[in-house]
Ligand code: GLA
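Just one chain is shown here, as C-alpha cells, and it is the form predicted on its own.
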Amino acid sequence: MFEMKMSNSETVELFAERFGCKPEWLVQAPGRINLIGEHIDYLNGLVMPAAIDRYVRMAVRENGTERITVWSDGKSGSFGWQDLKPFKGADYWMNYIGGVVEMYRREGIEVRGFDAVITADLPVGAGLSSSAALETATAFAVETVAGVKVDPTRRAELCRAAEHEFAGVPCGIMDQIAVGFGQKDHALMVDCSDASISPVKIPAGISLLVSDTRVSHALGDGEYRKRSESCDEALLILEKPGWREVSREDLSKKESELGSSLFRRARHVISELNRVPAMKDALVKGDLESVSEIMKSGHESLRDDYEVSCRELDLLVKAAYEFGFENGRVGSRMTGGGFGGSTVTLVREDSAEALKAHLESRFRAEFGSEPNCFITPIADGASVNSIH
C-alpha cells in the first residue's frame, strides 16, 4: 500500500519531485506492538500497547483547492469531501485517508485541500497498526492544514470511526491511542472503556524484538468481525452487562449452554482481562519470569481458545521459548489481530542479536523463507513538524 522505506528528508525530496515544490509540513506516525491484552480492546477491556520506531510519514502542502491528492509507491488518488463514500477495489487503501477526512468534516471542522506524499518503513499487514498510523497521520495533516487542534483522545476516536465505517473493520481504540499517545521507553496500560492511560516503564536493559512473518493478514475479510460477534453472542448467554462483570465461575455455569466455540472465546476474554494488570505488576516489580509466563499463556490462549494464530506465528513463539530465559529471552507472543502478522519478544539487550539470528534460522529451516525481524526501541507518539 505505502511501504516505501524512506527517511524524513527523502520523503520531503520525493514530495518536491512529485509536486514541483517543497512541502510545508512533515507528519510521522509510529506503528505499535501490544505486549498483552489482545482482542479485548473492542470489548472495552484493558490493553498494553507501545509505539515502535517504525513510521508512516506524510509530507503535506496546502493546495488551495477543494480536493485532497495523495501519492504513494506508484499509487495516487484525488478526491473532494462532498458526498464522500467508502472506496472500493484497488482504491480500498484510500479509505484510511478519506474516512478520516469525512469524520473531521462531520465534526464540523472546515477541511482544506492539500497534496501529500506518503512513505513508510512500517511493514503493512504485519499486525503493527499501519492502518492506525496512516489514519493518525491523515488526522494530523487535516488539523494542521485547517489550523485547528483536536483533543488527542477525540482524534483517536475519529480515526477509529473512519476504520469502522470506511474500512469495515470493527476495531477497538487501542491502535489509535497507541499511535497518538506513545511514550518513549513505556508501554501504555489503556482502559478501552474510557480511553484512560497509565504509562508502564519497561525495565532497563530490555529490548523489543519484532518478527514479521510476512504472512499478510486482512482484517476486513470477516474473521476479525466473527470474533467480535462471537463475543457479543457469548455475553448475551452469560447475561452480564459487560465482560468486566464475568467471573470464571459465571463462565463455568454456562459452559454447556455456550457450547465449545463460544466457551473458548469467552475463556480467552476473561483470562486476557486478568493478564493485563498482572503484566503491569510484573513489569513494575521487574519480575521478568512472571512476564515470561504471562506472555506465553497469552499466546496459547490466542492460539487455542481464540484461534487467531497461524503456523508461522506459533513457530516463532516456540523458537523464542526454546532459546531460553537463562540466555536472555524474557517473553514472546503474537501481537495484533492475528491470522498472520508478527510476534513481539522482550529480550535482554545483550542477547537481542543472538535471539534474532535464532528466530531467523528456525523460521528459514521450517518455511524456506525469511521473516522480517528487527530490534526496536519504544518510541514517542505521532508528531508534525514544519519544513523550513
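Nothing here was measured: the structure is a model prediction, and the numbers come from that model. Don't overthink the numbering: it's just position in the shown sequence, from 1.
There is another form of this protein, the form predicted together with the named molecule, and it is not shown here; the text below is about that form.
Segments offered: 344-352, 359-367, 65-73, 32-40. Contacting the named molecule in the predicted bound form at heavy atom distances within 4.5 Å is 32-40. Taking Ala126, Val317, Met174, Val142 one by one, only a single residue has any non-hydrogen atom within 4.5 Å of the named molecule in the predicted bound form, and it is Met174. Out of the listed residues Tyr224, Phe166, Tyr104, Phe263, Tyr224 is the one that sits within 4.5 Å of the named molecule in the predicted bound form by at least one heavy atom.
Heavy atoms of Gly331 never reach within 4.5 Å of the named molecule in the predicted bound form, leaving it off the interface. Gly336 belongs to the set of residues with a heavy atom inside 4.5 Å of the named molecule in the predicted bound form.
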